[in-house]
Each structure stands twice: as structure tokens, then as C-alpha cells.
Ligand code: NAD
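One chain comes next, on its own, written as C-alpha cells: the form predicted alone.
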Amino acid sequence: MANITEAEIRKIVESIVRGTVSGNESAEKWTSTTYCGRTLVGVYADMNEAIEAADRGYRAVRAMSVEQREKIITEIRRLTVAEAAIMAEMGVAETGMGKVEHKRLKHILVAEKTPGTEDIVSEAKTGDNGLTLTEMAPFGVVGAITPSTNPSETVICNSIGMIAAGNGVVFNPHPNAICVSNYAVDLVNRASRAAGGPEVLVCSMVKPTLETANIMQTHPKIRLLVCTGGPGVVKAVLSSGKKAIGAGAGNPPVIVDDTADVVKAGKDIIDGCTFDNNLPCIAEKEVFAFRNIADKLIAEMQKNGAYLINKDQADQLAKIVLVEKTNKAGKTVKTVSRDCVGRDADVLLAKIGVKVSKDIRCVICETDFMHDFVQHELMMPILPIVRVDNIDQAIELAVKAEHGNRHTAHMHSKNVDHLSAFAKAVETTIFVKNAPSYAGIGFGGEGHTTFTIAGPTGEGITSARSFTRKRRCVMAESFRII
């Protein structure tokens, strides 16, 4: 299949903007394998059929050399960079969340810093009794659930790692991001074909549902489940009885003490909090600032595109961005409004009658610890600031606000003792010091990237080796050559 043309890109994006997807009456137009006249490879109407196709892809890639596998991954990287702007536009148009330029940068980050086959390293141990070789083997077919917050980025990131490990993949994307997720699936299959791999290596659903997810979770050919999403879907996957990797929720706190470079901290926190309108799960969600530097920190945030609202306005906004629902246990709980997640700061402010320019990137406010903005992961550019008296109080409150997710935390300080104490207390998978949150996934920081951060199941910042199982081969009394 030829690469998509600029005219086709415009046609797809314009169709999304006109409301042909995402819950509107004409959304059924998109529940097929043809999008605006262009057939997508690897997208199926039946989950069982998709799993069988992914199994064929797995057997094909299993028969390939590691070098051939890497050629597929190289082509995935190339196409992802070339079509990053397309997927960014599609993602924002379909979900209504995030910023196009930031999504473009996220796709490039995934293309350039997701580990490939170099992450699969064998181990050898020799001794008086011979040689033991331990190798990282594929599971087979991986069933993956992906979110609406980072849809195509997660599909491509997972695909690179899972293919590098030698697996086939079937995705059950978030229902609010079907179009862009399936576009990414098609991209991976186009790359596979161009590099001499199977025509269908990864698969997805025309219309993903809870039923298709259940089929995936119980199908005997699915050997590993990987879920990137909210606590509900992660819990379901972990209850499946299969080996599962769960990347769950976070509510990352930030501590700023009185040794910090406050000018830099103000800029870094706003940059991190507003990246893709706070959709990344690692993004700063609440700030605990020492009382004696809080005024200066707030002033620096305002210099970097933050708009300060008062307590009454914060309470008013909280009633809009958080809605009450009844859970399965019959209890009334607060949850984020889908109409507010990932929206621009000026759009959120307009909901309480405050008109600002597009230069405003973030809504900030001073609150107490129990305010809803502190206690709930909002995934929108709203940042509560709580004043604290000392490091002990800051750590105590920050750990409580993180809610034991052990996902991500941040700190701005030049005091090594403070940094060490917080890192030990919060126990998060990612701990970022004196930088924007996105440094934690390799954007402006060292290390590889991923959009599947598996805190609940312990794999942490996943990569190709996370999607393998160890196999041991023993040669007793031989091949010890020293």
C-alpha cells in the first residue's frame, strides 16, 4: 500500500472535525475498515478473527532473524516521524484533548527513544558444572488495551517493544480514540510490509467494546495482557488469570523547597504541567511549596503563562471539572468530566466566566490539602498550590496526595537530604529532580521512553524486555573453557 497522501490526510482530519467520529450520529461511518475511502490493514470487525491474524503475524516474525525484526522497527520509526503531524491532528480532532504540536513531539519521542531489539540481551553463566544460557523469548500474542490520552503514541510504542521481543499484538483501543489508534495500527503494518515482514503483524478492532476486551482477556492464544489506562480496566486485566502488565493511574506531586532555583522551578513546573494539556500520567498535578518562597514561585509561574484564580473561583471550577456519579457499590463518587480533560486553559476559565488569551497555558490557585484539585488526578492544566512550613510536612502531604499509586513524583531542591528523603518516602517508579516532568520519559532527560508505566505490576518504565519471558538452556559439564 502506498503511503497516505497529503490530500487524504486533509480529508480524514476534516471529516473528524466535522463530527464524523467520537459519539456523533454519523460515527457509524467509521466503524469499518475503510476510512474516507482508504482501507486500513489489520483492523477487524471480530476479535477472534483479529487474534488469529495476530497469531499468524507472531509465527511469521518468530521465524525471522533479529536483524529482520529490527528492519521492521526501523521502518516503523521512519513512518512515525514522517506522519507524526498527521496523527497529532487526528488525535486532537477525534478526542478533543491535548495540543497538536505537543502530540507531534510525543510521536517523534516514541519513534526515536523507544528501545528495539538492542533491549533483548541474553545472559550466560559458566562454572565447574558447565554453561547455562538464559534468553529472552516472546510470549506469543500480546493483548493490549490503550488509552484515549496517548492513543497512537501508546500503540506505536507498544508495537515497537512487543515486535522487538518477537510477539504479535492485538489492540483493543479506547472507544473515544478508535480512528487515530487504528491509523497507528495500519502504520505499523505498512512498515512491516515495506521491510519484508508479514502483511498483518499487529491488529485492532473496528469497534472496540467491553465485550471485545473480554474476548481478548479470555482467549487461549493471548499469552500476555498489557493495559495502559484507568484503575477500572487495569483491575479487570489483573483479574483475568493471565500474566498481565498494568499501567495505572497517578497523581504526581511536586515539592519546591527554599533551596530551589525558584525561577527555574516556576518555568519547569508550568512546562511540564501544560505539556499536551496535562494528559501524560507523569505530569505535575499538585504543588507543595515552602511558605517562604511560595509568593515568588507563583509570580514565576504567572510569568510563564499561568493565570491565578481565587478560592471562590477554584471552588466554582471544581464543580464543573469534577462530576458526581454512582459507582457499582451504590456510593456517590467524584470523577473528572470528559468534557474538561485535556482542554486548553482558556477553555476551562471560560466555563467560570473568565476570558483570557491563548497565551494562558495553565490555571493555578492556592488551596488547602483536602481540596478536590489536590485529591483527584484531573489530567487538565489546573494546578493547585499548597503552602507548607517544612520538608517533613511537605513530604507527608505529598505522599498522601500521591495515594500510593507509586507512579511519579517531582521535586525542586538543591538539598540532597531533602531529595533523598522524599524519594525514599514516596517510592514512585519515576522521580524527577529539578526538571519538567517529561524529563522522566526521556524528553530532555536521559533514558528511554514509554507510555506504558507499569507501577501496579512492577515492570516500571516498560521496554522490549518487559514483553518477554526468560528461558534457560543448560549444557552440563561442557563449554567451560577456562
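Just so it is clear, the structure is predicted and the values come from calculations on it, not from any experiment. Start at 1 with the first residue shown and count on from there.
One more form of this protein exists, namely the form predicted together with the named molecule; it is left out here, but the text below deals with it.
Taking the partner from elsewhere, every residue among Ala213, Thr228 and Ile453 has a non-hydrogen atom within 4.5 angstroms of the named molecule in the model of the complex. The stretch from 386-394, 80-88, 248-256, 292-300 that comes within 4.5 Å of the named molecule in the model of the complex, counting heavy atoms only, is 248-256. Listed residues Ile76, Ala164, Cys157, Cys281 were compared with the named molecule in the model of the complex; Cys281 is the one with a heavy atom within 4.5 Å. Contact with the named molecule in the model of the complex, defined as a heavy atom within 4.5 Å, holds for exactly one of Gly342, Gly272, Pro138, Pro173, namely Pro173. In the model of the complex, the named molecule stays beyond 4.5 Å of every heavy atom belonging to Asp346. In the model of the complex, the named molecule lies farther than 4.5 Å from every heavy atom of Gly98. Shown alone here, Gln217 lies within 4.5 Å of the named molecule in the model of the complex, counting heavy atoms only. Looking at Ala195, you'd find every heavy atom of it more than 4.5 angstroms from the named molecule in the model of the complex. Taking the named molecule as positioned in the model of the complex, the residues of 127-153 that bring a heavy atom within 4.5 Å of it are, in sequence order, Ile145, Thr146, Pro147, Ser148, Thr149, Asn150.
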